[in-house]
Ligand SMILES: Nc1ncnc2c1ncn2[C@@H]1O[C@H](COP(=O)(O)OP(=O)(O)OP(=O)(O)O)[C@@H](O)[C@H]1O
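As structure tokens, one chain now follows by itself in the form predicted alone.
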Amino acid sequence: MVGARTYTAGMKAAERRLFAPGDGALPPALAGREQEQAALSLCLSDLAGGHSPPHNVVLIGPRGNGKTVLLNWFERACRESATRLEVAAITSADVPDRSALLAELAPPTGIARLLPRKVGVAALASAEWAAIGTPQSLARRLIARCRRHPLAVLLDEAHTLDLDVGQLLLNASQQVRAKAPFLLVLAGTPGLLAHLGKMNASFWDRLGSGLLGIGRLSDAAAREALVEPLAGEGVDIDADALDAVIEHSQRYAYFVQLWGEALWNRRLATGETRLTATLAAAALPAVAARVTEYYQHRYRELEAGGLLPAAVAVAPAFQAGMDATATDRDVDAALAATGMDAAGRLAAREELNRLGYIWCPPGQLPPVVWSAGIPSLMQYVLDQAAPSTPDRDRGKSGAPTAR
């Protein structure tokens, strides 16, 4: 597997950051994503061998769990491959319409180099270039490009992809993959699958092992993501401190990185090479402030979408523990208690899924169950939505506490 562990070297500890919360930057230890890395590495091997993988890839999961990190890891793996591969790493914002899609993936000046000498940019700019709105036209250009060098297109935030652009891209990708080495990787929130279903694209209900769910880390992976980078710098963390940090982080990748950053900053400030529960408690306010800010944003998002009643209603079904799940019937019953009719309940559930408040990880055997995006977010929503009383307000911190 290519680059499963990434450490920054060559800088003094006090001169650099060790952890990387937010923005999709590669963390110092990409823990808990071995299965996804292996699947992407197989696709890379196929491309390097001169043929398309048997399927394209879709990464889905709630925000903040590392989908962009995986895309960035795969982009680097492709660029470092011994076989020359081309990579187009874009977001939905880069391709708002069909013309922008063609400009990103098959610009006329680039494609002209792949065609016979008598066919130049002028010819492409004429009648054929005017036909860019068809999958066949995009496919022809991509086939010419991919026959020269295999191509991987990595498209992030795909749940916001324009439907017209998406339909063109998905249908063209099926034609290209049959004739030249090509891979399309899409990443988005759990609502991405429903979004793709609106595009009337061929074969996108047959992803099989190409559909990868990216959720919260396992307990072991969350610990590894913190312990390995610190140990690499000669820093140990006591078991009770680590337990408290993991519980507070909810094993949510973004929060794990926030905690890593805070612990590393404490190490730099104190010079300690052993992180105790006391040092972790000293780091808690900085982490809690950022967690609260994040939850405030998510709360306002639910409020703006008219989803607070639904979010409050379903939260108790997931309160049995950090990994509690709920069936379709459980979620429907909770929403029914708010007085919603059947259509309203279905719409509310799908909106909560689109936002990653709840989600249904792929690859489950029946009975299929729903999981909480972040369990402590649900508790925050319950606390904020509850009637205010002086006693309650005095006891409300606005963020989960380390126990």
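Just so we're clear, the structure is a prediction, and the values are computed from it rather than from any experiment. The first residue of the sequence shown is number 1, and the count goes up from there.
What comes next is about the form predicted in complex with the ligand, which is not displayed.
With the partner omitted here, the stretch from 341-349, 65-73, 371-379, 40-48 that lies within 4.5 Å of the ligand by heavy atoms in the predicted complex is 65-73. In the predicted complex, no heavy atom of Ala385 sits within 4.5 Å of the ligand. Of the heavy atoms in Pro27, some are within 4.5 Å of the ligand in the predicted complex. A residue is said to contact a partner when one of its heavy atoms sits within 4.5 Å of a partner heavy atom; Ala31 meets this definition for the ligand in the predicted complex.
Residue contact check for Thr189: one or more of its heavy atoms lie within 4.5 Å of the ligand in the predicted complex. Site annotation in the predicted complex: the residue of Glu157, Asp332, Asp162, Glu247 reaching within 4.5 Å of the ligand with a heavy atom is Glu157. Taking the ligand as positioned in the predicted complex, none of the residues of 301-332 brings a heavy atom within 4.5 Å of it.
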